[in-house]
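Just the one chain here, laid out as structure tokens, in the form predicted alone.
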Amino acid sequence: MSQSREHAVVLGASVAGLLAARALADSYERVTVVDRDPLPAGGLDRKGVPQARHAHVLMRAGVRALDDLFPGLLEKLAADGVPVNYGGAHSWTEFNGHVFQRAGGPRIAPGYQPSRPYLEARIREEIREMPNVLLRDERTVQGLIASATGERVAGVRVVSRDGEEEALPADLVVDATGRSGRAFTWLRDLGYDPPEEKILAVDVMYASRRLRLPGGLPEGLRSVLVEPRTGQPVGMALIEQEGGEYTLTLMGYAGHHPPTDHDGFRASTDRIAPAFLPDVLRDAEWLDEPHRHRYPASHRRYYERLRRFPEGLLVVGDALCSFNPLFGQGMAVAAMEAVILRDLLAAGQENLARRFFKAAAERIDPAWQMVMTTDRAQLGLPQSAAERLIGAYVRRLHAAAARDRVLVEAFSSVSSLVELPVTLIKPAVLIRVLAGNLRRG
């Protein structure tokens, strides 16, 4: 039996929710996006996105998906002064103590470096221009409305800031409520089992500041990244962003948390940063005080494994899988999920949830496994033989990438979710890793 496509409701107006609304707009007569925050007109921080103050980069897979969903938006970002990073000379990157080769090699597809508030505001502008999408802010979702049989979600109940309750009937409800994942609890209320969940406690803490650099970064750099490694559970990222500003983020695992006083923040930066950076930062104009954000644990909810799931409900973004933000994959995965949703709806409505969760898992799981393997090693947790082997190989790949631009591109394509991790063990890559390590002795 065909289902009506009159009205879809998205819960949450962060990046994942906005992108889901864009995907739904091609198939539904009306789309309503509900959020508890006031949604600002411009690129301002908002309470519901505490991580927005920290360094963000739109990875290449996310760039592709965003361009697919909003043709012409990337050109608008560049016109607004959002830095475009082609890697190579634009990036100073250190993994496992090895600085990646910057010169020579092929030119890669770019990454974009908007601040999170700016990007979210730009996407909101695109959404507001769509005649069949309505943003309704300052409304808290109370729960789902079930059909008489309980086999279908038929809408949501919301309450405005002044206490006015409202029922929103819907043919499809999309949970984009972030890591809290309200659907996880609502399923039990509807008589369904919640999905299996995997949680890895990482206890990551960030501290970030905005700044200006009168002379910019040397040698045309647009980003500096030092990843935590075994024996050094702290790292840093300095990212050029729109408006001539930079975001400097310090990060640490499991109790190694960055300070928030000015002198402590500067001293920690100097200890972690490459040798050239402290001199550059001496001339910095600091625009704010350090802001902290804590990320306690990564979550993966396996909705695709459920035998029973109500029709008329989907889950996207961090509500489906919340990655350690140190790896910068959240926005890219959300954008890929939106493309998947749009394409599946175009192919038909039958078994939408099952088809969507399966297709999304195919993109999520490689990224999730990559992050879990790295985090477990960093935290000193027990690892399987396969994880130990993978970790040893990747460390040797990083070492060889210090002199081999082709390996830099191969690793970048995987870490930015353009290619699957299996591409790193193709014979051509294996040979270069072996040769590079032989040269190192």
Ligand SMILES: Cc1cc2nc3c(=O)[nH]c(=O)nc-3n(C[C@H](O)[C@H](O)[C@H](O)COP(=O)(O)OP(=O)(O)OC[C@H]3O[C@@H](n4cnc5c(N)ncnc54)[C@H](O)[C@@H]3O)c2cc1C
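From 1 onward, residues are counted along the sequence shown. Please read these numbers as outputs of a predicted model, since none were measured by experiment.
Missing here is the form predicted in complex with this ligand; even so, the following discussion is about that form.
Interface residue among Gly328, Pro195, Gly88, Pro83, judged by heavy atoms within 4.5 Å of this ligand in the predicted complex: Gly328. Proximity to this ligand in the predicted complex, taken as a non-hydrogen atom within 4.5 angstroms, holds for one residue of Asp37, Glu387, Asp67, Asp26, which is Asp37. Proximity of Gly317 to this ligand in the predicted complex falls within the 4.5 Å heavy atom cutoff.
At least one heavy atom of His293 is located within 4.5 Å of this ligand in the predicted complex. Mapping the unseen interface onto this chain, Ala332 counts among the residues with a heavy atom inside 4.5 Å of this ligand in the predicted complex.
Of the heavy atoms in Ala61, none are within 4.5 Å of this ligand in the predicted complex.
Here the chain stands alone, but in the predicted complex its contact with this ligand, taken as any heavy atom within 4.5 Å, falls in 320 to 328 among 320 to 328, 163 to 171, 280 to 288, 364 to 372. Here the marked residues Pro117, Arg122 and Arg209 all miss this ligand in the predicted complex; none has a heavy atom within 4.5 angstroms. Of the residues in 154 to 168, none comes within 4.5 Å of this ligand in the predicted complex through any heavy atom.
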